[in-house]
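There is one chain below, alone, in structure tokens, taken in the form predicted alone.
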């Protein structure tokens, strides 16, 4: 009788946590999101006056509840590509008097029923802060200053008194501003060279600081790391703006190219390299300018997005009419997508020393963690849960994590760690470990050495995983995928031990 061949157990992944070795404090704005006038993000997303759950301003209460549960801290608005054709004055005043406009970015008709006042009302009801973008595609310094005065000056001028007349007595208090959007992209209305954009961004920044020296500004970096001008664009733009701005933007989207799931699961390898490249470029410019200032990063668009599917459809949209709030970019996310998404969150936390702001793109319906049906329910996508857990438990100081463990081969990134992890220590001394097992078939043993940390027990180990990696939450089955408790994690003799299920996002809370 032939002998059975016993499969070798998976090697243990290990790292050490010590409060003496840290990355930096988490800026709460790392848990931001993004609302653009694109598809159904606004109309029948956050705003649907005829919905049974709509409040007196037309905001969907069921969506407001989910946004608060998600834990969003800042919301970027109104774009995105939309902003490069945005006329801010169209979005103020009585809604029934606002003009209808063609939106070239998404080949749609914009009604402007949801505008600046509704956006600020939405933020007040979700405890989020504003992050407003100005149009530097088809407009410039004058219009940016007019918007800033309308929004932020108390009263006594034509524009501030106009805001008061429109029903908003108190200033909006917008402090964080984006100087345009993806101006390196030829798809952008008003696309510019790096030098052209750097000059108008500098002049706009200088003028906005004359109005309010405390204004916080984000200058456009490359729209993706794959752009042929990447790094050269950042260097040129920062040469013009370095002393006038606070942050430079990064945008990145990930999907399984040609069905390559193993590389897709390691997408955060690219995200971390992207962050480090932009940091190196910014610091090089600072050194050349002999500046003591340090530019931080605004990763204000990131997500899993099945971009090739959108690009294929976009070719047919140019032949169509100009619809209102069409169904665009409504990706339905799987467990696999959620695990990659969680890994991207880990990448952001692992660079908390330089990433000051990050915005999940987008918030509702459009590649979003929250989905709605017009006149119907709202529900959580699989990606909702990693974001909500990170926003809740990822506050404090990020501890330095150096993984020693098994790797696997990827076509795109070479050898990648099976374990992707970080840990955050809260002010009360509790520690939360966020960990992804990229392995698709085998559980991964985890061992964490705990030095100088006053933690003695596991409060909770939860995982997002499923026997079906393609499982999703849908209108018909909105709770198909939920985080579940995992047994067996323990702290003994200064060591945390746990087992991570295959293809899983994990949250292990220690107290």
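All values derive from a computational prediction rather than experimental measurement. Numbering follows the first chain given and starts at 1.
One more form of this protein should be noted, the form predicted together with alpha-L-arabinofuranose, which is absent from this view; the next part is about it.
J.: Each of 88, 143 and 204 having a non-hydrogen atom within 4.5 Å of alpha-L-arabinofuranose in the predicted complex: is that the case here?
T.: Result no, not one residue of the spot touches alpha-L-arabinofuranose.
J.: What stretch, of 336-344, 361-369, 109-117, 385-393, brings heavy atoms to within 4.5 Å of alpha-L-arabinofuranose in the predicted complex?
T.: Only one stretch passes the 4.5 Å heavy-atom test: 361-369.
J.: Give me the residue from 249, 81, 432, 267 that has a heavy atom within 4.5 Å of alpha-L-arabinofuranose in the predicted complex.
T.: Checking each option against alpha-L-arabinofuranose in the predicted complex, the one that comes within 4.5 Å is 81.
J.: Go through 329, 123, 348, 357 and name the one with a heavy atom inside 4.5 Å of alpha-L-arabinofuranose in the predicted complex.
T.: Of 329, 123, 348, 357, the residue with a heavy atom within 4.5 Å of alpha-L-arabinofuranose in the predicted complex is 329.
J.: Hey, in the predicted complex, does residue 230 get a heavy atom within 4.5 angstroms of alpha-L-arabinofuranose?
T.: So residue 230 does not count as contacting alpha-L-arabinofuranose.
J.: Does residue 38 make contact with alpha-L-arabinofuranose in the predicted complex, using a 4.5 Å heavy atom cut-off?
T.: Flag for residue 38 set to yes.
J.: Test of understanding: in the predicted complex, would residue 242 fall inside 4.5 Å of alpha-L-arabinofuranose by heavy atoms?
T.: No, no contact at 4.5 Å.
J.: Answer with yes or no whether residue 301 is in contact with alpha-L-arabinofuranose in the predicted complex, where contact means some heavy atom within 4.5 Å.
T.: Yes, contact at 4.5 Å.
J.: Going by heavy atoms, what in 171-204 lies within 4.5 angstroms of alpha-L-arabinofuranose in the predicted complex?
T.: Contacts from 171-204: 181, 182, 187.
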